[in-house]
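Two separate entries follow, structure 1 and structure 2, each one form of the same protein chain as structure tokens.
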Structure 1
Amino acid sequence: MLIYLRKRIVSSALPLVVVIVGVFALARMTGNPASLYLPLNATQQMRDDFTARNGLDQPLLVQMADYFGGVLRLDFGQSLRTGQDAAAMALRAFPATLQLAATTMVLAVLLALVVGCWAALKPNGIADRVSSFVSMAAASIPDFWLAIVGIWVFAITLGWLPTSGVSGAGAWVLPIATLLLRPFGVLVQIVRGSMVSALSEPYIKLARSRGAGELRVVTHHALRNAAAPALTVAGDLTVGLVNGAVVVETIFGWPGIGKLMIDSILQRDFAVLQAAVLLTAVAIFALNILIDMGYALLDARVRPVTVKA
């Protein structure tokens, strides 16, 4: 397992570096922050001083080398907007995104397991057809459209829920519902397909012939073998949730890492943007490693084979 883990870490490290370098270079293409942070009547000398003070007058490679040197010293720079430590701002925002993504994913997995198992008990039955229609519709609805419609119906028209913010349980409903629908739809289809295949295996017929009830057959026999594909897809969807939260957090004013990134891009706050992207990339990197380890534990076929001398 350690060999497998080391190989996965090495193979995932290169994309992590590519993402960080790409964001660093693209952020510089948005323009000089001096035009945003200095008054309109600022002289050229004031602009040159601002640029030099923040190291933006250096060639791109020199800036990049300084940045990576700072990362090695755990110095991610300071925000141009607030003057605060960029890493501290990213770390303060990240828990809000994690809470939103984790709550959404737990609810999506639980609901998908119930609906998927229910549909698989009688393939092509009424429950199966209804769940297939609902899951396909849920997986196809764009997040931003659902968020806007949800605000219009439940916040503006009915006045049941707040349009934005994090105060109170009601503020969680629309962001979670918006993020939940797509992973729920995808997971229902995965769980349903895996369970139909598992329930037709000979060991299931043997368990039923020995008098095992349907609940025990599903939960103790079929679901364990059907869990590996669902776990893999759930992991990928969780990674997508962290990335997709950028849109949802912006629409609902959720103070997470996604909203921080958007604000940093609009205000050319390079240090905060780079710290937020690096933190998100490292979190996704760690999550992918955990998913691979979980998949290897569930399915012996993907574990590394130890060659004996």
Structure 2
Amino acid sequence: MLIYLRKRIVSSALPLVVVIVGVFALARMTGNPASLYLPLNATQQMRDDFTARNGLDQPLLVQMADYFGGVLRLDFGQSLRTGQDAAAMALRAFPATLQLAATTMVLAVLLALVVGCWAALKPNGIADRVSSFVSMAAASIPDFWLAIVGIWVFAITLGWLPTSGVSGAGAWVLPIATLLLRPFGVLVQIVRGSMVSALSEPYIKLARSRGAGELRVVTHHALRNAAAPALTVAGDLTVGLVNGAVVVETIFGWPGIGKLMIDSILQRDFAVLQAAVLLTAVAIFALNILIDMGYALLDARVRPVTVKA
């Protein structure tokens, strides 16, 4: 297992480096932020001063070497926009995103398990058809549209929830509901699919013939074997949430890492963008390792064959 872990870490670290280098280079290809930060009628001298002060006049490789040197000393640079420490800004924003993503995924998994199992009990029954329709719809509605409609219905028309912000428990409902639908829709279909095939396995018939109750058959026998694919997909979906809460965070004014990244891109705030991407990439890297480990624990076929003494 340790060997497998090490292998996974090594193979996942490469994309991590590629992402960081890529973001560094791509950000700088979008142009000099001087035009954004200096007044429109700034003189060439002011532009040159700005460029030199921020080290943007150096060759890309030198800038990159400086950056990695800084990263090793845990110095991620300063925000051009706010003058604050870039790493501090990223670290401050990250928990908000993690809280949102984690809560969303817990709810999505629980709901999907219940609905998916219920649908699988009678393939093509009414429950199956309804849940299939609902989950397909849930998986395909765009976040942006859903967020705006949610605000319109629940905040403005009914007045039950706040439109946005982070004040009080009510503020969590709309962002989570918006984020929840897609993973829920996808997971219902996965759970249903693997449950249908698990329920038709001989050992289920055997369990039933031994007089096991339906609930016990589903939870103790079938679900245990149907779980692995759902777990893997849930992991991937969590990665997507951590990375892609941009729209939801922007609309609801949720001070998370997605919003910080978008703001940093639009503001050409390189240091903050790099810190945010680095933090997210490391989190996704760690999450992927956890998912793989979890998958390996659940399914022996995934584990590498190790010679036993």
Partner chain sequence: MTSSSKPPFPALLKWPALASVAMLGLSGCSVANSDAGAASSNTVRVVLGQEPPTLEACESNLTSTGVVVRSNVTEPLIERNPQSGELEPKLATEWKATSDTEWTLKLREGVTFQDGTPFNADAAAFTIERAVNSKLGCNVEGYVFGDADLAVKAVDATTLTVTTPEPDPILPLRLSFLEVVPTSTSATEKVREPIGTGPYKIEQWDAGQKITLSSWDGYWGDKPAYAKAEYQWRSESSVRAAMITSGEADVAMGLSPDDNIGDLGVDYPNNETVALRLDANEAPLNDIRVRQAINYAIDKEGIVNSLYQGKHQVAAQLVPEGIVGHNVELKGWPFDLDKAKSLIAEAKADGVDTSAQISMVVRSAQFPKITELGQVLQEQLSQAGLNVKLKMLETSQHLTYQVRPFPDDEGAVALMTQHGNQAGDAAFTVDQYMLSTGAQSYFGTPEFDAMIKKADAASGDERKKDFEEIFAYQNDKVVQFAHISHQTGIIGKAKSVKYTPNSSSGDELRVSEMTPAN
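FYI, numbering is relative to structure 1, first residue = 1. Computed from a prediction, not measured in an experiment: that's the story for all the values here. By rigid core we mean the largest C-alpha set that fits within 1.5 Å across both forms.
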Inset, instruction - Of structures 1 and 2, select the one representing the form predicted on its own. - result: 1
Inset, instruction - Would you say whether Arg208 is displaced between the two structures, judging by a C-alpha shift of 2 Å or more on the superposed rigid core? - result: no
Legend entry - Displaced residue check between the two structures: Asp66, CA, 2 Å or over, core reference: no
Inset, instruction - Answer yes if the Cα of His221 shifts by 2 angstroms or more between the two structures on a rigid-core superposition, and no otherwise. - result: no
Legend entry - Angstrom displacement of the CA atom of Ala42 between the two structures, core fixed: 4.1
Legend entry - Core-referenced Cα shift (Å), Met29, between the two structures: 2.8
